[in-house]
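Single chain ahead, written as structure tokens, the form predicted alone.
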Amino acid sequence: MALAFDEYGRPFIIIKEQEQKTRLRGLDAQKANISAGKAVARILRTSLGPKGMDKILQSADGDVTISNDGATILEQMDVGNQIAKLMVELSRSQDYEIGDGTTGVVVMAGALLEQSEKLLEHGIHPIRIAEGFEMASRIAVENLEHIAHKFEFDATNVEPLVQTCMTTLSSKIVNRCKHSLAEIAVKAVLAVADLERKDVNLDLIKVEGKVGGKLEDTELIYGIVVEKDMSHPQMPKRIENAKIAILTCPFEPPKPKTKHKVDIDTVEKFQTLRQQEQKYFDDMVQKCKDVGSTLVICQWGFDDEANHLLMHRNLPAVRWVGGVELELIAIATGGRIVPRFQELTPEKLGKAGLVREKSFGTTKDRMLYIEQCANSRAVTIFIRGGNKMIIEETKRSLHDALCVARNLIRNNSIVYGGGSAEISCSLAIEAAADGYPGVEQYAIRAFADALDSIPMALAENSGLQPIETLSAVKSQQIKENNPCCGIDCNDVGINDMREQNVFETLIGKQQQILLATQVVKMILKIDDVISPSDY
């Protein structure tokens, strides 16, 4: 396979253990790579758009995931082929950067690979195809800038943001209450956004879910929800104007670091030891009372003695609260996390208008709501749903909506959805292709054809005649010179996406085209695949 001869005619081996490796080279390698990429795109093609289908994925340990979020499906699919892994990376990078459009970007890359296969069969060199795609993607990105609309919004008028988030949510399971969820997402983002710096820290938005109730019960809490209850059942369940001591030190007597042994040979010694221990607890509780705290939140546990004392001294407490939650509580209430009782001062206490414990259903599930905080820059979205899978999918859908709202705050340009932007770019590239002499012209036209695959998939998934619908919308765009005509997926009767309020973010769309082109160029440039054989 990889045998070469030196100047004396003696054979020598280039690749070690070559009988255990398989090798594909030239056109065969490119075709194999292209078919692997197309196979991945074909899986996701049916879950594109508002009428897209969902996929059910079962992991090795029996966990079931139902989703139509491209990034999630590919993450869970456990792909073995190296080119298919590139497609997984592609959707992941779209998810990290934009948060939305993870299915579209893979479908787009699959369509480009399909077109490049035809060009390779015509004998065009892969590098020339890649260059043509690069030129076409530049034209498409410029055209998107040209057809984009800026819209103004402020803290009082958030309707444009809500409309764009609704477009994102319309393709998910949760589309029946997309308006309320979009509003929740926008309010949450605006609560933590820094509008002057145009920046949003999504870590300040905590998304919690609880099985039970219905999707409509999902709510936004300007504060923090902790899945804990009061440490003693007789402690008050509602505290108003709470002053919160946030501790990372345990309510226990200090333990010596070295090995130790206590010999007790008389009752008096035992009594002394017990009193000493009780004094420790007393001092700890007293220190919390002295600084004026009315609620203690502790990262560690405390034994029954401390619990009993806290209860008697009317000091409600919560134990075993995780580190991340403690940080969020500290941010929301404006408190400081205190590592030692000696450092407790009144300035380090957090303030909250209301702390209440809420129980759910007939089970013993209780949660602690910390609301009306001094600094409401940390919020919680609390999701309810019929089963665990619905809640997980709602979390993923809300993550997409939050990312879209964040992108719009960073850059408030939008293009219209429903495949209208792709059709417009396709027409622009088709028109510009004549200006390019040489073989690249074929690749540029192929790119225009590939862009049509997204509206085509949307029409197909919506149960329309794909080719008829696409050509009708295309001719309407040319006739009316209106780049807002797209596929009428929801069967409203109008093709104008402005009237249907279907928006997408400009940076999301541009990123899709650029990322898909980059990956396809990379796949086209591979002409030799050496891999270990299966046995």
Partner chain sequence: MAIDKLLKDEATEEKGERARMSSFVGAMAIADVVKTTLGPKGMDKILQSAGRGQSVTVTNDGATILKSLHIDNPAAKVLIDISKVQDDEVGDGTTSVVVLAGELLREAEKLVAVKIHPMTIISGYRMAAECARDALLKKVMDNKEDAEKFKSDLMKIAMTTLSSKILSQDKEHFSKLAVEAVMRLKGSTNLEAIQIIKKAGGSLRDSFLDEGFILDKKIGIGQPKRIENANILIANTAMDTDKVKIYGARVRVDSMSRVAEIEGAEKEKMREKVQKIIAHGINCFVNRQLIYNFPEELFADAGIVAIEHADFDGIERLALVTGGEIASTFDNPESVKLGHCKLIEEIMIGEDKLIHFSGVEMGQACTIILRGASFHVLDEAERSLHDALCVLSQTVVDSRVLLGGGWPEMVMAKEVDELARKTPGKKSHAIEAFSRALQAIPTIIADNAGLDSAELIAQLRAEHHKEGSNAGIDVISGAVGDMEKLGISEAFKVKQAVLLSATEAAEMILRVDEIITCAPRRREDRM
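A quick note: this is a predicted structure, and the numbers were derived from the prediction, not measured. Numbering follows the first chain given and starts at 1. C-alpha atoms forming the largest set that superposes within 1.5 Å between two forms make up the rigid core.
The form predicted in complex with the partner chain is left out here; the points below concern that form.
Using a 4.5 Å heavy atom cut-off, are Trp300, Met367 and Asp488 all in contact with the partner chain in the model of the complex?
-> Contact check failed for every one of Trp300, Met367 and Asp488.
Of Glu480, Asp28, Glu468, Glu499, the one that lies within 4.5 Å of the partner chain in the model of the complex (heavy atoms) | Comparing distances to the partner chain in the model of the complex, the residue within 4.5 Å is Asp28.
Pick from Gln342, Thr266, Asn375, Asn157: which residue has any heavy atom within 4.5 angstroms of the partner chain in the model of the complex?
-> Checked against the cut-off, the match is Thr266.
Determine which one of 141-149, 72-80, 432-440, 108-116 lies within 4.5 Å of the partner chain in the model of the complex, judging by heavy atom distances; exactly one does.
-> Only one stretch passes the 4.5 Å heavy-atom test: 72-80.
State yes or no: in the model of the complex, is some non-hydrogen atom of Gln476 no more than 4.5 angstroms from a non-hydrogen atom of the partner chain?
-> Gln476: no contact with the partner chain in the model of the complex.
May I ask you to state whether Ile331 is within 4.5 Å of the partner chain in the model of the complex, using heavy atom distances?
-> Close contact is absent here: in the model of the complex, Ile331 is far from the partner chain, nothing within 4.5 Å, heavy atoms only.
Please run the contact check for Cys249 against the partner chain in the model of the complex: heavy atoms, 4.5 angstroms, yes or no?
-> No.
Determine whether any heavy atom of Asn68 comes within 4.5 Å of a heavy atom of the partner chain in the model of the complex, and answer yes or no.
-> Flag for Asn68 set to yes.
Determine the residues of 216-240 with a heavy atom within 4.5 Å of the partner chain in the model of the complex and present them in sequence order; the list may be empty.
-> Heavy-atom contacts within 4.5 Å come from His232, Pro233, Gln234.
Rigid core superposed: Lys214 CA moves 2 Å or more between the shown form and the other one = No, because once the rigid core is superposed, the C-alpha of Lys214 moves less than 2 Å between the shown form and the other one.
Could you check whether the CA atom of Asn241 moves 2 Å or more between the shown form and the other one, using the rigid core for the fit?
-> No; that C-alpha moves by less than 2 Å between the shown form and the other one.
Threshold 2 Å Cα movement between the shown form and the other one for Gln275, core superposed = Where the cores coincide, Gln275 still shows a C-alpha shift between the shown form and the other one that is 2 Å or more.
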